[in-house]
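Heads up, what comes next is one protein chain in two forms, each shown on its own as structure tokens, labelled structure 1 and structure 2.
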Structure 1
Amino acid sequence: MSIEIRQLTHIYDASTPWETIALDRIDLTISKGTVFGLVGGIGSGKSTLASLMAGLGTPAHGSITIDGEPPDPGRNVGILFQQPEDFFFEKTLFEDMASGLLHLGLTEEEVHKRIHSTLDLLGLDHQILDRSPFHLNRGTLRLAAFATVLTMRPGYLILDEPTASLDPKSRKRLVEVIKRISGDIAIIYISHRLQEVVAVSEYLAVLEQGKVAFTGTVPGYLDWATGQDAWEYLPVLNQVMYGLQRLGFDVDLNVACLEDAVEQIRLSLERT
């Protein structure tokens, strides 16, 4: 049960003076039951790859299959767009959330139950269901968009900058939900917040100019980044830990949060 990406190539403005190879022979396997981080700079191909995995375009060459089938938006794969306002079309949030569920053939009772349970999962006030999505503040709008995707129960979920515009409390809540649901589905987590990606992901791929520069476990990624002196791909906390290692401190490079780093430093000082 996985997303299989094989020799995926995508070209914009092919056979013109503006031809651009956005993705170049990408090979990746993303298994169900994991959080898979995807990082890279501007123009690396992250958004293009996300769109193709979500079934929102057709690659120029190569293939993407999800459990052996092509991507089918809203059924075997869902995506949370970077701009949440692009997600809504109806007059109220409830109508937006219900439309996809009714299309799947759920009864009205099942629709209500699934919507309300999803709002509870994210800690959202049920009263927002009667409001226009466009009258919600940006942070609430992003959580509402996430809730709308979750109600569809996709086996594979692509999240593009999911915590953008969220306050720290909401960001922490969203990450907790992602960790909780990842045992049943695959989550592809795309973000420029490297510390966040490292904290939430089990596996990770780095794209550089449309090619895979690294793929593997998070500890392997941290080793790769330090070995290549690829500091732009190393979260700040891990940069600090690496610097301490070079100064002779007995600390672990693989820390996910500030609390872990502080504990590592405390233990190292006790051992000296």
Structure 2
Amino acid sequence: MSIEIRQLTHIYDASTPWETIALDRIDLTISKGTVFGLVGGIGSGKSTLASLMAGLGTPAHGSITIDGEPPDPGRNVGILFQQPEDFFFEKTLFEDMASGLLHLGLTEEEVHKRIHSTLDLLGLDHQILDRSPFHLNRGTLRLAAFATVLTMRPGYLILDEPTASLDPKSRKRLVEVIKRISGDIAIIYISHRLQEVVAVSEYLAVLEQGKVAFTGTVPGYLDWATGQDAWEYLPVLNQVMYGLQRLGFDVDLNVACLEDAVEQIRLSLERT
């Protein structure tokens, strides 16, 4: 049970002077039941890979299969786009959330059931269903967009910058939910917030100019980044720890949270 990506290549504006190779012979395997982080600089191909995995667009070369089948959006794979708030346009949030499900051919009863149970899962107030999406704040709307994708019950879920422009409180909430649901499905987590990617993912891949520069576990990733002295690939807390290691402090590179980092530094100071 996995997404298999083989020799995937994608080109924008092909055969024009502005031809851009967005993805260059990508090989990746993403197994069910894991959170798979995807990081890389801007224009490295993350969003292109995301849309191809979601079955939006056809790759120029190579293949993507999901449990052996081609990607079928809304059925075997779901995607939460960047800035999903822009995709709401109905009079009430309920109508927006229901439209995709009705499109899948579900009964009204089933639609109600799925929407309400998903709101429970995310801890969202059911009253927001009667509100206009245009009157909800960004944090709530983002969670609602996430809920909408979840109602489709995809086995593979792609989240493209799910926490961008969310405040820390809404961010933490979203990350908690992601951790909670990831046992049953695979989540592909794309973000520039390295601290978050490292906290939420079990495996991750780094894209650089359309190529896979690294793929492996999170501790492996931290070693890879420090091995080439690439500070920009380290989350802030790991930057602090790496800086201290280089100055001869006896601290671990891999810290879970701020309190953990503070404790490690305190102990190291006491030892000297």
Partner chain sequence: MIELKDVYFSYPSGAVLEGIDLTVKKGEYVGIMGHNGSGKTTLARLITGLLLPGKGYVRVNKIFTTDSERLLDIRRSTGMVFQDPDAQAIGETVEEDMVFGLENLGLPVPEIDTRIEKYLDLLGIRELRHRNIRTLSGGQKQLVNLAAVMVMEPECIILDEPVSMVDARCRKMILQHIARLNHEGTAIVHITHDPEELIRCHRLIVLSRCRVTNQGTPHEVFGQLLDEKKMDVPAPYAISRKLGLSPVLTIKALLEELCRSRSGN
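Remember, predicted model here, so these are calculated numbers, not experimental data. If you superpose the two forms and keep the largest set of C-alpha atoms that fall within 1.5 Å, you have the rigid core. Residue indices: 1-based, along structure 1.
The form predicted in complex with its partner chain is structure 2, not structure 1.
The two forms, fitted on the rigid core, differ between the two structures by 2 Å or more at the CA of residue 266.
Once both forms are fitted on their core, a CA shift of 2 Å or more is seen for residue 167 between the two structures. Once you line up the core between the two structures, the Cα of residue 42 stays within less than 2 Å of where it was. We note a C-alpha movement of 2.6 Å at residue 91 between the two structures, with the rigid core held in register.
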